[in-house]
Ligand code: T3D
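A single chain comes next, written as structure tokens; it is the form predicted on its own.
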Amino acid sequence: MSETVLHEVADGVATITLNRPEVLNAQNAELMDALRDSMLAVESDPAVRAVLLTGAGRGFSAGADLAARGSGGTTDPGETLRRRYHPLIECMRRMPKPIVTAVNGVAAGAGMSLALAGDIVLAGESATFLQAFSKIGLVPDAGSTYFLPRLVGDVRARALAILADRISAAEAERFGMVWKVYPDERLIDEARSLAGHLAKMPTRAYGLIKVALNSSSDNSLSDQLELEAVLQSEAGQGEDFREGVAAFLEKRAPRFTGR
């Protein structure tokens, strides 16, 4: 197993850590393959009910490793995206488990895309976000042109992509890219606490919530209402719904199992 990505599972939480701290977790072929494999593994692992993604050292990810460009067998960045990035981003968005991304330090280029692919994005106070692509004559990728307009609106998305300005964690929170910002020394503890909480909640319902939200921007109101009804029928047949109702009536804390 590659040491470029650390993967551990405890108490229902899979913690996945990008582990090339000497280059701010820049994404080479080995790291991206290992990250994809980790995400695919947790997607199908019944022991995992929530995921925490973060970076080792001083940064979340500086984006693609330009020094290693071509080492994956191609010099066409489009083919690299199709082979390594697209399966990963699609896996993260469809995964029937909540993903918390804890952004420590820089999240640039495809590193920013990766952070935004999570369901709940946390950041340390010193974190920064940068759509670095135009600085080297490329276009935003790995989902950035999908996520950004939906998160921050068209005006800000265009400015971030074209100007490639670095923004602070506080600005990212104000723009709606980040759920909460914490002091750097508290970030990972807060992220672990949140992921641990999610792993004890009705995680099957969380997966259905993701299905609904993933469809909402492309559906008509009527289509979305029908999807909600279909998903609610599915959720209503689950053990977590029965447990939630029973706990409410019995005035006790629920014991969810994610089923």
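The first residue of the shown sequence is 1; numbering continues from there. Just so we're clear, the structure is a prediction, and the values are computed from it rather than from any experiment.
Not on display, but discussed next: the form predicted in complex with the named molecule.
Residues of just one listed stretch (231 to 239, 18 to 26, 5 to 13, 246 to 254) have heavy atoms within 4.5 Å of the named molecule in the predicted bound form: 18 to 26. Residue 130 is the only one of 130, 188, 95, 152 with a heavy atom lying within 4.5 Å of the named molecule in the predicted bound form. This chain lacks the partner; the member of 42, 35, 62, 195 within 4.5 angstroms of the named molecule in the predicted bound form by a non-hydrogen atom is 62. The three residues 55, 118 and 121 each lack any heavy atom within 4.5 Å of the named molecule in the predicted bound form.
In the predicted bound form, at least one heavy atom of residue 67 sits within 4.5 Å of a heavy atom of the named molecule. The named molecule is not drawn, but in the predicted bound form it has a heavy atom within 4.5 Å of residue 80.
At a distance threshold of 4.5 angstroms between non-hydrogen atoms, residue 110 is in contact with the named molecule in the predicted bound form. Interface membership of residue 170, defined by any non-hydrogen atom within 4.5 Å of the named molecule in the predicted bound form, is ruled out. In the predicted bound form, the named molecule lies within 4.5 angstroms of at least one heavy atom of each of the following residues of 135 to 166: 136, 138, 141, 166, in sequence order.
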